[in-house]
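What follows is one chain in structure tokens, specifically the form predicted alone.
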Amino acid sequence: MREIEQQYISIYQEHLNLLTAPACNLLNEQRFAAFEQFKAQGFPVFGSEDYQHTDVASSFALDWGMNLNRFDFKVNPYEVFSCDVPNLSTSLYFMVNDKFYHAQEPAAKLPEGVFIGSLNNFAQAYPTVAEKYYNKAISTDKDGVAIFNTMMAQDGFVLYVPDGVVVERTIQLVNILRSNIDLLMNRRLLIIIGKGAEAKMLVCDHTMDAAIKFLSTQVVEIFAEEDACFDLYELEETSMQTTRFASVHVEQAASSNVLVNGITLTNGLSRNNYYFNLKGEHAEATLCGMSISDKQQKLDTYSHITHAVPHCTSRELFKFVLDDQAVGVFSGRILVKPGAQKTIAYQNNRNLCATREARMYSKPQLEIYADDVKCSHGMTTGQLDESALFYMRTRGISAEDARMLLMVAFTSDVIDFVRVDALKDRLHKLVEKRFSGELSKCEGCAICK
């Protein structure tokens, strides 16, 4: 056991009463099991197959503060944040660091049976459902940070949509990072979409204190039952001082349709893991994302899509635009298990390095154990098209504007996957502003002005 793991094992043992006091029995039961796993496994090892370019342990080695006593930070998110996405009507909820904000919630009435709120409250109101789903999708043999999150999480956020219910209004969860000291937090999201149910969700990360260092772990579990349809859009606009380790674990039943789209506009160091398990026939999964990185920003993306049964479809597209000394990493694997015939799976990674100092590492992979499939993967990394730049210059467009237009066009197809028109239009504008050198912050967020 390395020194860094031993440090957190000691914190856990010394402060177990603080960890368990605010949490429900379900979280604590899973916590105890995760602690034993963490002792045996620890953090992912730098240089191992799936962590060749990100040293997880070094990020946890700093002297981080932890809010184990669950003190409230002095911020009313409804006063400092107002989303101005035109024509996008959302049910707006907040988490401040890793704590669900209870003091005020949307007045709009939810469809009957829908639960949105604290994980602890959900476990009390729906104990059988919570026990069936919580911590059941995590690939514990692969995701050591998710084990750590399970070991340390004290609450979380839940979206539960019962069978046959359609939530028309987009649900928006804003994660606000707020502290006076360097802070480590562990955020948890549980999303359950019942048979024939539908919902869409937008999750935004914002840093309120750009000078403070933040380290966040986030675990999202998504369960899409038979014929369910669900979209998850993630938008990260934090700071250079923010380190984020996030994982999304998706389990899909027959004929379900899940879209996950992650967009990173500003960050420090981010590692995003995506695990999809297509367990029911005719399930469809769409996974896409993009990053705009400059300075010394770094985004490391890992994906693993498992086709466990026949007649399933997955589509995957990730794009990186890297400027200055930014670093991008993509490692994706599609696994087609024996018997998963008639699988259709496409994986694509496209990257643009705007400077010679930017670095991109890409490793697309197919692992196929069935003989009647349509599977492909592709990867390209290059620089801006000089002939296109020259052509635009001859038409009176400045070099700076031409460069920006080409980069905006390069990223547009990822945003086009968004199935909420108002959000799609807003993201196009945010990306354009990011490339033009303006502050990459949502204008509706007063804390970011």
Partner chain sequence: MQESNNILQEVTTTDYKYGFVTDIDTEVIPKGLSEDVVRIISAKKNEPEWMLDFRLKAYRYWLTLDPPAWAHLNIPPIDYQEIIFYAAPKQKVGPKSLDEVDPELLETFNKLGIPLEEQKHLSGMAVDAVMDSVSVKTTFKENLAEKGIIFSSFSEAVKDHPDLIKKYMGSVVSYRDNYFAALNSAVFSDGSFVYIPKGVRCPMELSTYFRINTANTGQFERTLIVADDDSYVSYLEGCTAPMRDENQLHAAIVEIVAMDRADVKYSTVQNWYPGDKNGVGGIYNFVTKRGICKGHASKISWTQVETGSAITWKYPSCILAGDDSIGEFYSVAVTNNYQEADTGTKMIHIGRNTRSTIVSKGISAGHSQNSYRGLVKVSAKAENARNHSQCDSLLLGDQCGAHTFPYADIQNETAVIEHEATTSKISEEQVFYCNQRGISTEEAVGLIVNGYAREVMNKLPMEFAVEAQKLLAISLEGSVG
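Quick caveat, the model's predicted, so the values are computed rather than measured. Positions refer to the first chain, counted from 1.
Beyond the structure shown, there is the form predicted in complex with its partner chain, which is absent from this document and is the topic of what follows.
Stretch in contact, per heavy atom within 4.5 angstroms of its partner chain in the predicted bound form, of 59-67, 30-38, 45-53, 409-417:
It is the stretch 45-53.
is_contact(Ala103, its partner chain) in the predicted bound form, heavy atom dist at most 4.5 Å
Residue-level check for Ala103: no, no contact with its partner chain.
Check whether Glu168 has any heavy atom within 4.5 Å of a heavy atom of its partner chain in the predicted bound form, and answer yes or no.
Looking in the predicted bound form, residue contacts with its partner chain do not include Glu168, since no heavy atom lies within 4.5 Å.
With heavy atoms only and a cut-off of 4.5 Å, decide whether Lys363 touches its partner chain in the predicted bound form.
Yes, Lys363 lies within 4.5 Å of its partner chain in the predicted bound form.
Do Arg356 and its partner chain share at least one heavy atom pair within 4.5 Å in the predicted bound form?
Judged by the heavy-atom cut-off of 4.5 Å, Arg356 is in contact with its partner chain in the predicted bound form.
Out of Leu317, Leu259, Met379, Ala253, which one falls within 4.5 Å of its partner chain in the predicted bound form, going by heavy atoms?
Selected residue: Met379.
Here the chain is shown alone; which of Asp72, Glu131, Glu367, Glu281 has a heavy atom within 4.5 Å of its partner chain in the predicted bound form?
By the 4.5 Å heavy-atom cutoff, the listed residue in contact is Glu367.
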